[in-house]
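Starting off, we have a lone chain in the form predicted on its own, written out as structure tokens.
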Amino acid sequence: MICFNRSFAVAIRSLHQQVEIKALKVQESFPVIDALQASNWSRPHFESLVNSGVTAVHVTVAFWHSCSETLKQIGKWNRWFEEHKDLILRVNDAADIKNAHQTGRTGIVLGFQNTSPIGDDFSLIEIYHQLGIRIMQLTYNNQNHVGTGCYEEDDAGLTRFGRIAVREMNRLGIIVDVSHTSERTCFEAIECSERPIAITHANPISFRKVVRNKSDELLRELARTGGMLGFSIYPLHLANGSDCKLEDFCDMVLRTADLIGVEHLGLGTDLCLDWGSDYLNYMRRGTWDDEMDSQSQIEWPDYPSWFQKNEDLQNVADGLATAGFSDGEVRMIMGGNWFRFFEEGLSRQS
């Protein structure tokens, strides 16, 4: 666990202002991993990842997609891996992340933000694994065959089918993600899973009280069982939204480290670039409702000034150092913890 007296150490630093506090350069750190981005991908985005020193990033292949729609999305990524092989490569396991770093590329971890692509057929999980999917979020806001989403008023938890799906993900080496999942479903997924699970992109609810963020009790249980939390920089998850200050964000990370230990913390920025409002509305309501629901946003919110592109990850690293984290701890949060988690979580059980 992180030292409880870190705030005292930060105060001592402030007394010595002649000592400039600087983090490690992101481009020199290994690894730098972002556990969730959902941009409208193109070569300029891949170039930005490489130029920013991002070793690996988890990307969203499916939200509400059917099986056939998901296969088309995977096919698109297969073409991109070939067309942009000088910049990106597919991540099947942690060795591929090492390969990406050694060859100056960014590893792409393919994932779902919903289990809609499997419908009610758990056998599809193995097929998607064979096609390269390595992370599956159980629900995207709403109830589905697997469990309850965070926007539902009635929290029924993990379903019987959901327990089967979680065990199958465990067997294959697919990371179980509960970022958009209800509180009870999160707890029951942790209990059901034989492997540590992840919240790839969310924040403590104490930082901003929205249903997408997570309670201290849940975060403690996540850490107790070896899980990971990726801090989100999506404005709706931040205190003061788009006006959130870097110092406040890093103070949240500091307090969460005191709560559950720095070894369970990483980034899941939820960076979504170059989409129009129509796609945002699709994400919010899916295909099941022709009317805007109460959670929909007409326009994308502005990201805070200190993080609007991958190049701004250096601002985050500098902010963490200024907040009082050591160089080693900054490395852990910027990607080292995720690398360790992927080493264990992406391996297939014998």
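The structure displayed is predicted, hence computed values, not measured ones. The numbering used is simple: start at 1 and walk along the sequence shown.
Omitted here: the form predicted in complex with a further copy of the same chain. The next part is about that form.
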| property | result |
| --- | --- |
| K209, heavy atom within 4.5 angstroms of a further copy of the same chain in the predicted bound form | no |
| Any non-hydrogen atom of K72 within 4.5 angstroms of a further copy of the same chain in the predicted bound form | yes |
| M283: touches a further copy of the same chain in the predicted bound form, heavy atom cutoff 4.5 angstroms | no |
| Partner proximity in the predicted bound form: Q130 to a further copy of the same chain, non-hydrogen atom cutoff 4.5 Å | yes |
| In the predicted bound form, segment of 32-40, 64-72, 317-325, 304-312 with a heavy atom within 4.5 Å of a further copy of the same chain | 64-72 |
| Heavy atom within 4.5 Å of a further copy of the same chain in the predicted bound form - the one residue of I205, L124, L236, C192 that qualifies | L124 |
| Selected contact from E217, D278, E82, D243, since only one has a non-hydrogen atom within 4.5 angstroms of a further copy of the same chain in the predicted bound form | E82 |
